[in-house]
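Encoded as structure tokens, the following chain is the form predicted on its own, with no partner shown.
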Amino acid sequence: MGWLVLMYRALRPAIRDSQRSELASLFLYAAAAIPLFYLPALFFGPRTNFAVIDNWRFWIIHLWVEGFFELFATVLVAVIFVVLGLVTARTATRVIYLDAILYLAGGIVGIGHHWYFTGQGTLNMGLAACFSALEVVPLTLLTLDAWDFVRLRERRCEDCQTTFADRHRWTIYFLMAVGFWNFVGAGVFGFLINLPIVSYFEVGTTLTTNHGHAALFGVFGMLALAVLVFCLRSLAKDDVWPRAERFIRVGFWGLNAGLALMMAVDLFPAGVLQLWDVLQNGYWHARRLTYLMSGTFHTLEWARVVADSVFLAIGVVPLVLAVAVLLLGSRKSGDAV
């Protein structure tokens, strides 16, 4: 609640401005929807009927994460582009409304494809399966943003011929990563487990984790870092920024390489192995501790140490150093970041 109050105080001048009110209001509404639509997760406990729990937990997994978080991400990217002067407020607002229709219209119906064990009817399951599978369409369309980001990064001012977004190039790079992982994590890996016959057998296995890692950090993690880098560059002095930029460059590639290695070394192959074991021996067998802690599955988990090390040492640490360099540099120059 305090977070929303702080956001409203910051956005209030823009909301009162007729030129910026619509986009600022949409940003506030999208932010408020995140805690508001998470509230159903608090309505049940250990003694609640399983059908009720299963209903609301998939509300959180499917509609809250894939619907309202995606909408917030779209609004945030649109706001950044308007601030950078890359698109007009009218264009950004139209894109937000289009994404809201695509995500929420398909997501609300599509959520039912998870409800295999709550007594859902055949018609509902069929409609939900179709809409859920079609969610890959807006995700694929959003992937085209990655190419648009490249073109925007190379766009030049007609008068001075300088690169239009050169000052915020790493913000653009992180937004390009958002578009890429949105397609791979949410689109490809999400569609892979979205089909009802696959989801019925693999739900809760490592294939779900594979989709979750790529989609959650790949989209929202990279988006958060894009906002961080955008704010840091806006506040940093031009003479201080180059010292931090080299760390941001290393961190960007380290995070993406580490995340990709997680998929390639462990999560995807281990998920396929676990799904195969479900089909051969039953779901209970593939979820047993004896299976998880032995054989090739366990070996792949240990191999993931390489991917995690790359993610932390080459990805996280350089970004922390970049923030430290900017803070120390700004203090030495007498500015406060």
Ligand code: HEM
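What you see is a predicted model, and the numbers here were worked out from it, not measured in a lab. Position 1 is the first residue in the sequence shown; the rest follow in order. Throughout, rigid core stands for the largest set of C-alpha atoms superposing within 1.5 Å between the two forms.
Below: the form predicted in complex with protoporphyrin IX containing FE, not depicted.
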Problem - Answer option from Leu261, Leu86, Leu216, Leu104, heavy atom within 4.5 Å of protoporphyrin IX containing FE in the model of the complex - result: Leu216
Practice task
Identify, from the list Thr74, Asn194, Thr171, Asn256, the residue with a heavy atom within 4.5 Å of protoporphyrin IX containing FE in the model of the complex.
Solution key: Asn194
Practice task
Would you please decide whether Ala186 lies within 4.5 angstroms of protoporphyrin IX containing FE in the model of the complex, comparing each non-hydrogen atom pair?
Solution key: yes
Exercise for the section: Please check if Val65 has a heavy atom lying within 4.5 Å of any heavy atom of protoporphyrin IX containing FE in the model of the complex. Expected result: yes
Problem - Contact flag, Gly204 vs protoporphyrin IX containing FE in the model of the complex, heavy atom cut 4.5 Å - result: yes
Handout entry: protoporphyrin IX containing FE contact at Gly212 in the model of the complex, heavy atom, 4.5 Å
Key = yes
Problem - Which of 291 to 299, 39 to 47, 52 to 60, 304 to 312 lines the interface with protoporphyrin IX containing FE in the model of the complex (heavy atom within 4.5 Å) - result: 52 to 60
Practice task
At a 4.5 angstroms cut-off on non-hydrogen atoms, which residues of 169 to 185 are near protoporphyrin IX containing FE in the model of the complex? List them in order.
Solution key: Asn182
Handout entry: Rigid core fit then Tyr116 CA moved by 2 Å or more between this form and the one not shown
Key = yes
Problem - Phe50 C-alpha relocation of at least 2 Å between this form and the one not shown, rigid core basis - result: yes
